[in-house]
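Following this are structure 1 and structure 2, which are two forms of one protein chain, each written alone as structure tokens.
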Structure 1
Amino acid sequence: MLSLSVLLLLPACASFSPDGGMSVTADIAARHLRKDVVAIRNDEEAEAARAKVDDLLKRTLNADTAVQIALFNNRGLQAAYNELGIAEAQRVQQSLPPNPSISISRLTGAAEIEIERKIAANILALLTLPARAEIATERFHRAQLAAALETLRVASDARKAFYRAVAARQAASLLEQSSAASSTTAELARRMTASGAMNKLDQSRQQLLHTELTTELARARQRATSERERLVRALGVSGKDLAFKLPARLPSLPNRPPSIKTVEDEALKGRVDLKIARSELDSLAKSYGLTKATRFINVLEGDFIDKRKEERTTGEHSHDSGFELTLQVPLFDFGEARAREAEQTYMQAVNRLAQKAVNARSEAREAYRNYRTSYDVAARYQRDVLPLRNTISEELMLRYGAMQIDVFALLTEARQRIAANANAIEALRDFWLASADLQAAVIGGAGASSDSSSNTTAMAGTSEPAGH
């Protein structure tokens, strides 16, 4: 029989944390994204977030402000933070001793009335209280990481949606130029048919080309609209906020790609999803009372690294060797464990973590290769293709001045130059998407959208008519 005093000996009750468990998310957001996050829980917080978003929306967006707006404004993210609040509430609840139940029963017989007063406590609940509290704490901790992961995902989505929206808009305005060129050509052709200098065949060809480019332009405008809507969803804006301003062009390519020498290592250390898996393992160990670890294993053991990486374009090279990548988990002696289930469940989690770690490394490598390749492609457009196109335009203008060619040749070249610029925009967009994917591969938050190299922008003028 437990006396009430026993209850007083129980561990101190857990209390709600002052930041609502947001510290982990805030820390990751600050460290990796350099952004603020806020879990809106009352009117004042809502007001403050609203004010910040309003301020950011006043200016022309850039990738960073887009991410910040999404972090403040995206309701899906707030829902994830609510989940965190729920986990914390459960943690607090699980750390409380069970409420004793007080009952009074009255038995009436023929001769007497017996009243029994009983204070009952759930003994089992009391006995398991420390373990349950610990599990709830772990779960809370995982919820914190999950919130962080969702934060990264929202940030990554917003960033990519921003690049897509700007690129689609830029491509559409280039096509507008191309369409203006073909409109001029078509009008000249019409007038030359009237003056007797052009036949119906050639005029129809010019007219057709213009019609095709006009159609292309309509499609490009539609793409720009839907990319903008994707960004709207990522930012979580509505109403008057829909009037936000986008820059006319994508940010330019960095002079040198920032090099990440130990991208795999960073992924193992930084990936929030790995942290969550690891934490799941820890809580499993606790829930099964697996306290006696016999040894530690590196789930990546045997993967000896010795490689020299050299980037041809930048000349950077790095040399990695040894068992640098480690992700250790304890293995337990299951002989003392009561349940065979415990062993299997734990080993299942270990294997899952190992698989996750292998995937994380592979994803990081892939993302880095994609990032470097897309950088090289974009750089080739910026440094070779576009300057050469400009030279061609200039030389053609000189030939026009020397009466070697006519304005039709100039306008044809204009369309080709515009098409090259459209390709360059696409390459630049792919670089920025790859760079967002790389960040996601290293710190997590890749989400479902990893279609960075999708070719959604159709090219203007790439299909010239066979001749005229």
Structure 2
Amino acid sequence: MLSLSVLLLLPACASFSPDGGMSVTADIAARHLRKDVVAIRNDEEAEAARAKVDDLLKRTLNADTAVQIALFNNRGLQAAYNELGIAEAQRVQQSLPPNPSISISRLTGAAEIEIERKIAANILALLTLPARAEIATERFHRAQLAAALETLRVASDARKAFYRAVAARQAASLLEQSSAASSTTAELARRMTASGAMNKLDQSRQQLLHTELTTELARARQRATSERERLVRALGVSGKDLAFKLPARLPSLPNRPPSIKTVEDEALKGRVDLKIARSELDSLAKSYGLTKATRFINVLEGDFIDKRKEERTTGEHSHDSGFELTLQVPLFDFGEARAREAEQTYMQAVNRLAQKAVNARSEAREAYRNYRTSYDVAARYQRDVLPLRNTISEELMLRYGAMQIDVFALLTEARQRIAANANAIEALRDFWLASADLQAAVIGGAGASSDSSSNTTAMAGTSEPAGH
């Protein structure tokens, strides 16, 4: 009866959310990425996601469409959403009262038959159920943030893989054009040498340039293939989807870089991994309090007993009922070890949160400095280096036509012009990669999920009251 009375005072059991707990992830993806996310749980949702991916793959990709395809199509991300579903199931399970145990025994003697029925319930588990349900809710909220963090990580990886793939393709295209031009020039030089209009030394220099460019072209094509495969893995595509189209060039530099004066504050307020660490701290604080409150009790069970006796000879019977309370005597275990463990786990989370905050501020500052430096370098190539290199090439051609310089100077300039264009492509690629890194430093998504998951696992056993 005591157990039933306690049961009536308990709050209502939790239920599954209609969206499977995806609201937090969807909100963060919409606010920071302006993208949609979906946890595929049935054939209809899979077909809808497939249709959207097919539509996006028909177009030439850009960074935003690449991110959206990855969010719809990446199976690793779907596995993270499955983890969220598991966490919600555990939350609902933790909100349920413990199942009572029922036992029936029948003893037969020479004179009588005795039948005993017993219903037992874990009173300690019932008393601590609200606290355990609240802790499970905190864990579920942390799982929601972890799913959002994984979403940001997949988006960041896809965006960076896109920029790398386009840059590698653009560099290979530059070398293809340069190699084709040098092939024509080398053939012309060979013919001029055969007719006596060019000496063997200049013809050999021309041939050497063509050979070097051909070698560099082979390497550039290999890099382009590798970067495209990295993008394939980020998008999660296969089969006929591998024929997706990439743009020929990287996006242009913005006219001016956005000024982020409060990048550190933005990181402290917006980083999802910091929110996870704060949630873990709150959950551990409640778990620590629960452990302290129950440290002297390992077992507390209440039993309702009903016993019936029947005389074999006379057929008379008697009926007895009553209660039994089981309490484990804390003779050897005063709960000190459990309390110490909970305290140290809590302090571990405090120190981890403090270290994460320091790291977040530092990473934000570093990412912003890298972002600004990358912008300045790329802008310097676009505004100064490439125009000056074109001017030098034009002036050298004029001097070569006036026979003021030899072909060696032209070849040297050709090498430097090709190198300058290749460096300009790399500088522009580095800027866009730095832009993605800055976003990850401010909102998260750069590899903190493994820490959070391990911490969640480590604290999983601390909030359960003993004896349950």
Partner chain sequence: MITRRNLIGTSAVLAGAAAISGRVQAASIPEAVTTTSPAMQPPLAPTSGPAYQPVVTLNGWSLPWRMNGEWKEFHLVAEPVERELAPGMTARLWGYNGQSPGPTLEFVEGDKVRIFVTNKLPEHTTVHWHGFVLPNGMDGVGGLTQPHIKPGKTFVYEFAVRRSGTFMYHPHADEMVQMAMGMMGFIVVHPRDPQERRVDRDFVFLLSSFDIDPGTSLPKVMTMTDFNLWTWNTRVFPGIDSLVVRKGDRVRIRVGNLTMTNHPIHLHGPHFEVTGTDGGWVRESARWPEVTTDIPVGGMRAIEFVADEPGDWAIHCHKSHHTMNAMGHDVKTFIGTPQKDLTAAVRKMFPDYMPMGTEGMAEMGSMEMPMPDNTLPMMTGFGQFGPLEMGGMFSVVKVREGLARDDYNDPGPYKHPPGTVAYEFKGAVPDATRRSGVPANPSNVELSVVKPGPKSHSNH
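Note that the rigid core is defined as the largest set of C-alphas that superpose within 1.5 Å between two forms. All figures in this text were calculated on a predicted structure; none of them were measured in a lab. FYI, numbering is relative to structure 1, first residue = 1.
The form predicted together with its partner chain appears here as structure 1; structure 2 is the other form of the chain. After superposition on the rigid core, the Cα atom of M397 is displaced by 2 Å or more between structure 1 and structure 2. After superposition on the rigid core, displacement of the C-alpha of R205 between structure 1 and structure 2 amounts to 2 Å or more.
Once you line up the core between structure 1 and structure 2, the Cα of S279 stays within less than 2 Å of where it was. In the rigid-core superposition between structure 1 and structure 2, residue position T345 carries a C-alpha shift of 2.5 Å.
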